[in-house]
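There is one chain below, alone, in structure tokens, taken in the form predicted on its own.
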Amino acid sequence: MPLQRKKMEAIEVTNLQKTFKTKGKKIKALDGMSFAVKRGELCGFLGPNGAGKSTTLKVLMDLIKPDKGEAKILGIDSKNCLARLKVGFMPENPQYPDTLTGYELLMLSASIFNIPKKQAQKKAWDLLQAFELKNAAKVPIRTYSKGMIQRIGFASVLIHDPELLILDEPLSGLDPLGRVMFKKKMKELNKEGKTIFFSSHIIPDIEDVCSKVIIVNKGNVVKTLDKNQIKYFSTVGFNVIINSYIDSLCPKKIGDNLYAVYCKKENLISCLDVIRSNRGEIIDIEPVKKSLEEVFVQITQNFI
């Protein structure tokens, strides 16, 4: 039988190290960063500001060189320009020539990848429609809001139909509608088979879309969790909404015939049993989340 080739990872990072010198001081941004992202994953890169997320992404895109270590994209060394032919990259604060219109930016992006003009025009208008920017297509980018710039930036990295998307804080600064749009689009692209790797410091965003989460701090990986693990781990308890007062639970009244009972996550089953035994009706169960700071304290203290 012929030997089966190992399916290559979308991203492989091995022992990345990077130190910056600022005003005579050395700052270690990466301290042995190592992880892998499989093809087809929608993977979150979670960490506080200064954890090394953006530095790692810049190494992957060969915008900065590591002091030590190796990074590969689709099996190719990240220092090789061929590694990025099938990648769509969006930086944290995208800045574009502000005299260009949204349509012109998309056409410029298409030209970089040698997409035929007619094909690029159709793709550009499809993307403008998908990101609700059709009415602003011929308007200079300098007039765009923060959310519109994020949307046209996301559209521009899709123009060449990349296999892998690398997005640095793509949801930062968006209003609620913009966040919903971005997350919906990421889910759709992932269902189409695209691998998505995006950084964030916001736990609910990670929970909502990711199949895997790589948690980093101080330039290194602290923990890797799947979707169910991150949801469980970030939940400290639940508010159970019921339709009647139950003495033993001491619920808080929150409306007409509505009461809220708080319980720790390990006590949820027993709390529900008490409600059922008292013939109470469960209206809703709302998770209560830890802050990002609390998550990192618990992880670094090995409480999981």
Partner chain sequence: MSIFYFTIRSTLKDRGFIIILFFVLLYAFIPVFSYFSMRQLQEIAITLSLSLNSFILLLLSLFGAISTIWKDIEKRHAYTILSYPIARWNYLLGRYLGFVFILLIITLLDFTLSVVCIKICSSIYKSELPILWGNIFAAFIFCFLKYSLLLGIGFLFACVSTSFFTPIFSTITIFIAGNSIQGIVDYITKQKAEVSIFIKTVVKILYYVVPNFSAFDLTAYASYSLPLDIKSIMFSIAYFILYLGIIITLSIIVFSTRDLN
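Residue numbers count along the first chain shown, from 1. This structure is a prediction, so every number in the text was calculated from the model and none was measured.
One more form of this protein should be noted, the form predicted together with its partner chain, which is absent from this view; the next part is about it.
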- request: Sort through D98, D226, E188, D175 and report the residue having a heavy atom within 4.5 Å of its partner chain in the model of the complex.
  value: D98
Option touching its partner chain, based on a heavy atom within 4.5 Å in the model of the complex, out of E104, D126, D77, E163: E104
field: Residue stretch of 210-218, 192-200, 127-135, 87-95 approaching its partner chain in the model of the complex, non-hydrogen atom distance within 4.5 Å
entry: 87-95
message: Taking its partner chain in the model of the complex, would K18, S109 and F113 all count as contacting it (heavy atom within 4.5 Å)?
response: yes
- request: Using the partner position in the model of the complex, report whether K118 sits within 4.5 Å of its partner chain, counting heavy atoms only.
  value: no
message: Considering non-hydrogen atoms and a 4.5 Å limit, does its partner chain approach E70 in the model of the complex?
response: no
message: Whether M61 contacts its partner chain in the model of the complex should be assessed with a 4.5 Å heavy atom distance threshold; does it?
response: yes
- prompt: Taking 4.5 angstroms as the cut-off for heavy atoms, does R142 touch its partner chain in the model of the complex?
  reply: yes
